[in-house]
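Take a look at this single chain in structure tokens; it is the form predicted alone.
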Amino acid sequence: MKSMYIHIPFCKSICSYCDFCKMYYDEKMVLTYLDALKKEIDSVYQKEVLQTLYIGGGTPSHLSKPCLTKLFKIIDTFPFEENYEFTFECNIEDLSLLLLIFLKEHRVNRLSIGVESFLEKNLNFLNRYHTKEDVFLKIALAKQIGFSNISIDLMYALPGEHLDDLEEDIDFALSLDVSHISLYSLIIEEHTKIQIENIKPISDELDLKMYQLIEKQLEHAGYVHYEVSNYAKKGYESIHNLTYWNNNTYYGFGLGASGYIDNVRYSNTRSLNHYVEGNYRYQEEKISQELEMSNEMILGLRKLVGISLDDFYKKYGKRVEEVYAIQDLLDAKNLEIEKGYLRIPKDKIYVSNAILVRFV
């Protein structure tokens, strides 16, 4: 157990596309929640030395100074490996000199910043409240404070968005010169504002063209496409997220968080009342070897490098081809083997879901 995720579900405003566990910010509620969070962590965490810690949300960066202090009073006790990765999610409008100094002093060494777009029309659609100028100012400030590992999120395939719009967003993102960029095609999830308003997705044809533009532009700029939606400068791949894609175990704490401990995958309740009463778990599932191997394939094949065939055998005592009939996928060039790794060819990554369904 080397990785931990902590969920902070509170937000100043709710984005139109967001289906994560979240609620409007209330100081008293936050303080009560943090008491419950400490109790959950104390009841489960076995004091392992952590390689990665990720604080997500919600909007962790919107916590007040007293709430941040209370949260980090818990976190400051965690031991880290020498080359640890500690990510803190931020919204642009929350970033300030004082917050950045606070995070730096408390061992945060990676920022994940929700930019989503630089274009006013996109930001309005997404219910985001920063400007392009804010992004450049705040990220420059973060670099000035000493943060060299900065990831930004961008969204594309928005209704009314054209290739020229996306190219403009990409150009702005590249000019920031950050170490990591995550790009997500808009998914219209249930119970979100855009789903309630009956917003329709763009055409598959345009979505594909956008995906190809992203890949071309970012790789030309020197970023490594290492997972379906993620690009990084060499050496800056997200260690924490690779925990998920490598099908490794991790703690998940907080409202709506998920974890994988002792061969059990679990998700926490989304009810704040249940959570503060100590009823943390919503669902638990004991993972059979068959299901674990399925997860190994589905998660691992999201990585461009794919799955190590030797590691699969060492982990399960079986060879991939003994468990799954993959020869037809190899013959059709929907899978390939190179240097001991089974992977989806680069030109098929966009349609990877149609391939991964074979391993469900």
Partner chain sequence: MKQENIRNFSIIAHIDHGKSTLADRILEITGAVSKREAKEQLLDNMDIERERGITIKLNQVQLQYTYKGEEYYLHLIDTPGHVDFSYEVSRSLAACEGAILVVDAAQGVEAQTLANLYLAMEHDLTIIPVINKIDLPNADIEKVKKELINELGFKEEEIILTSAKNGTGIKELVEAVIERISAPKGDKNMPLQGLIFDSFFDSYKGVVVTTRIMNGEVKVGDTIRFMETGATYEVTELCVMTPKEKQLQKLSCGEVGQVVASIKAIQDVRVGDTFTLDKNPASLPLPGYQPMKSMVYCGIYPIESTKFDDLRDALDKLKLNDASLVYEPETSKALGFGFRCGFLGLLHMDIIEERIEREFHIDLIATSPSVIYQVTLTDGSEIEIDAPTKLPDRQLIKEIREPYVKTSIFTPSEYIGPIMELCQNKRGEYVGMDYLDTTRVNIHYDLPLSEIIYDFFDRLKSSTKGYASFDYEIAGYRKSDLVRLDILLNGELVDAFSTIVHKDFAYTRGRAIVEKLRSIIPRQLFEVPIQASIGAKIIARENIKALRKDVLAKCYGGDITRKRKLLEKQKEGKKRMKQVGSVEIPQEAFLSVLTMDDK
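Residue numbers count along the first chain shown, from 1. Worth saying up front: this structure is predicted, and the values here are computed from it rather than measured.
There is another form of the same protein, the form predicted in complex with its partner chain; it is not shown, and what comes next is about it.
(message) So, a 4.5 angstroms cut-off on heavy atom distances: do all three of Y184, L208 and Y250 pass it with respect to its partner chain in the predicted bound form?
(response) The answer is yes: all three residues contact the partner (heavy atom, 4.5 Å cut-off).
(message) Using a 4.5 angstroms cut-off on non-hydrogen atoms, would D19 count as touching its partner chain in the predicted bound form?
(response) Yes.
(message) At 4.5 Å between heavy atoms, is D164 in contact with its partner chain in the predicted bound form?
(response) Answer no; every heavy atom of D164 is more than 4.5 Å from its partner chain in the predicted bound form.
(request) Spell out, yes or no, whether the shortest heavy atom distance between I349 and its partner chain in the predicted bound form is within 4.5 Å. (result) Judged by the heavy-atom cut-off of 4.5 Å, I349 is in contact with its partner chain in the predicted bound form.
(request) May I ask you to check whether I355 falls inside a 4.5 Å heavy atom distance of its partner chain in the predicted bound form? (result) Yes, contact at 4.5 Å.
(message) Counting any non-hydrogen atom inside 4.5 Å, which residue from F118, Y236, F125, W245 sits next to its partner chain in the predicted bound form?
(response) Only one listed residue qualifies here, and that residue is W245.
(message) Can you pick out, from T131, S229, Q289, Q195, the residue that has a heavy atom within 4.5 Å of its partner chain in the predicted bound form?
(response) Checking each option against its partner chain in the predicted bound form, the one that comes within 4.5 Å is S229.
(request) Quick one: find which of 218-226, 171-179, 250-258, 67-75 has residues within 4.5 Å of its partner chain in the predicted bound form by heavy atom distance. (result) One stretch meets the cut-off, namely 250-258.
(request) Residue by residue through 311-334, tell me which have a non-hydrogen atom within 4.5 angstroms of its partner chain in the predicted bound form. (result) Read in sequence order, the lone residue that approaches its partner chain (within 4.5 Å, in the predicted bound form) is N334.
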